[in-house]
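In the form predicted alone, a lone chain appears below as C-alpha cells.
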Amino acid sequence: MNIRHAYVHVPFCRHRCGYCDFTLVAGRDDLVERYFSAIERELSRVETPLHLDTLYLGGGTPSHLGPRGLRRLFGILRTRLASAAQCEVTVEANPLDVTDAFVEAAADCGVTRVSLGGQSLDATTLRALDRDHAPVDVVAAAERLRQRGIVVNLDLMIAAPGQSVADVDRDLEAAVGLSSEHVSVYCLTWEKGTAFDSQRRKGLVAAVDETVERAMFERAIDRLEAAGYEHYEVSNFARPGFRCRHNEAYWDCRPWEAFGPGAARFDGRTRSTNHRSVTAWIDRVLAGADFTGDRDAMTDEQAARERIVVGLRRRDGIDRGPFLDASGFELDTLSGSAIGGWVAAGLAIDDGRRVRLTREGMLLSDGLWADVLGA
C-alpha cells in the first residue's frame, strides 16, 4: 500500500482547557523522554521509510516540546518518515509557545504550516474558554510565523459561554486583520467528562442558544467569504491555494499512518486507534506489547457510505464517476433516495454528475448523515 500521509500525536500540554477531551497530559513533562523512546519504537514497525505528501503533528500541543524538543522529535521521525517534494508539514501550536527560537526550529525542521490555537482574539472570550494566552499573543505568533514564510492556520471557536453575535463579529474582524492563509471555525462542543460539562450540569455556565449559535456561524461564513476565503469544508476556510492538504487526504478517505497515544491509522477499510492513555501507550510500546486500543473494520459498503459523509462535508461535493471508481458502488444505489429528499428540501444540488450540499445543507449537515449511514 502506497501511504503518502501520516499523523503524529504529541500528548503534552501546559494546561488542559475546560472543554478539552483530547488524549493529553498536562504538567507531565517528566514523561517526555519516555514518549520519545516510545515514538521511536513505534516507528520501527514501518519497515520501509514512507515518502510523504503530508505530515501533521497534532496534540495535545506539539509546540509545548519547545525548540529543542521539536528538533529532537523531527530527528526521530526522519528515520522512517521522509518528505516528498513539496510536502506539507503542519505543527499545532499554542500562541505562547511561538517564540523566535521556536519559529527558527520549525523552519529548520521543514515545517510549512502552523495550526495556531488562537480560539479567539477577545480577552473575555479567551477567559471564558479557559485559555492561557491573550489576544496580543495570537497576533505576535502570527507575525513571527509570517516573517519566516510559514503558513498560518488560525483556529477560532464560537458559541463560547457568554459570547454574543457581536463578540463573534469583532473576532472575525480581528482574524481577517491577521491575514492568515487559513481559518478554521468550530462551535464549542460540551464533551462528556470535561470540566465544562460538569460546570454546565451544576448550572455554573450555560450553552449558547442554538439559534444564536447558527447566527454566529453564518456570520463567520459571510465575513470570511467577503474577505476572500473559500468555504471549502463545513468548518474550514482558505485563501486560494492554501487548503489543508492533510485534511483533504482524510476527506478523500486515502490511507494514512498514525503514531502516538490515541492516534488512529486507516488502510481504507480498517481504522486502528492506539491506546488513549498516554502512560499505558508508552508502557505497552516499550514493553513490546499490543498498544492498539480498538479496531473498527468496515465492510466495503460501510466504507463507501463513510466516503459519502466526508465527501459531502466539502463544498466540492461528490462526483459520481470518481466515487464509483474509488468505492466500487454507485452513489445512487447507496443514497439516491436520501439525495432526492435533500434536493427537494433545498439542502442539496444535483446536476446529474455532482452532488453538493447547499449552504442550508452545510449548516444542517450533522443531522443528515443518518440518512446515509443508517440505511
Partner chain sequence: MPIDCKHIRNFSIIAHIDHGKSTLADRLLEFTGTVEKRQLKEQMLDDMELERQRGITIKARAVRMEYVHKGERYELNLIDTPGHVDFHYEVSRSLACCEGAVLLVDAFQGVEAQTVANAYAAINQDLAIVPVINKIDLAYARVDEVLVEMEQSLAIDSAEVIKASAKAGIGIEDLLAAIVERVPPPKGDPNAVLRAMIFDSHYDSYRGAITYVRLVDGTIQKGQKIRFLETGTTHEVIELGQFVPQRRACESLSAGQVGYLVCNIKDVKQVHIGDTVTIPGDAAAAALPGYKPPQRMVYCGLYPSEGENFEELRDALEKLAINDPSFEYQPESSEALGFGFRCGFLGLLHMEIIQQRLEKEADLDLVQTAPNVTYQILKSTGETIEITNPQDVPDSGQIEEFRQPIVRTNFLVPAEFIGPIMQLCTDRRGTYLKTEYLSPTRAMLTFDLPLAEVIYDLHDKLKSVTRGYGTMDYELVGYFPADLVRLDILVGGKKVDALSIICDRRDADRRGRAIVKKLRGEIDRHMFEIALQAAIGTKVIARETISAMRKNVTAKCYGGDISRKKKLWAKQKEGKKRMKSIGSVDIPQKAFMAVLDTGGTERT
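Numbering follows the first chain given and starts at 1. Computed from a predicted structure; not experimentally measured.
In what follows, reference is made to the form predicted in complex with its partner chain, a form of this protein that is not presented.
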Task: Heavy atom within 4.5 Å of its partner chain in the predicted bound form - the one residue of 235, 164, 277, 83 that qualifies - done: 235
TODO: Work out which of 217, 196, 259, 229 lies within 4.5 Å of its partner chain in the predicted bound form, going by heavy atoms.
DONE: 217
TODO: Answer for residue 13 alone: is it within 4.5 Å of its partner chain in the predicted bound form, judged on heavy atom distances?
DONE: no
Open item on the list: Whether residue 134 contacts its partner chain in the predicted bound form should be assessed with a 4.5 Å heavy atom distance threshold; does it?
Closed with: no
- [ ] Verify the contact flag for residue 6: yes if a non-hydrogen atom of it lies within 4.5 Å of a non-hydrogen atom of its partner chain in the predicted bound form, no if not.
- [x] no
Open item on the list: I'd like to know if residue 351 sits close to its partner chain in the predicted bound form, meaning any non-hydrogen atom pair within 4.5 angstroms.
Closed with: no
Open item on the list: Only one of 284-292, 250-258, 98-106, 83-91 has heavy atoms within 4.5 Å of its partner chain in the predicted bound form; I'd like to know which.
Closed with: 250-258
- [ ] Using the arrangement in the predicted bound form, list in sequence order the residues of 152-181 with any heavy atom within 4.5 angstroms of its partner chain.
- [x] none
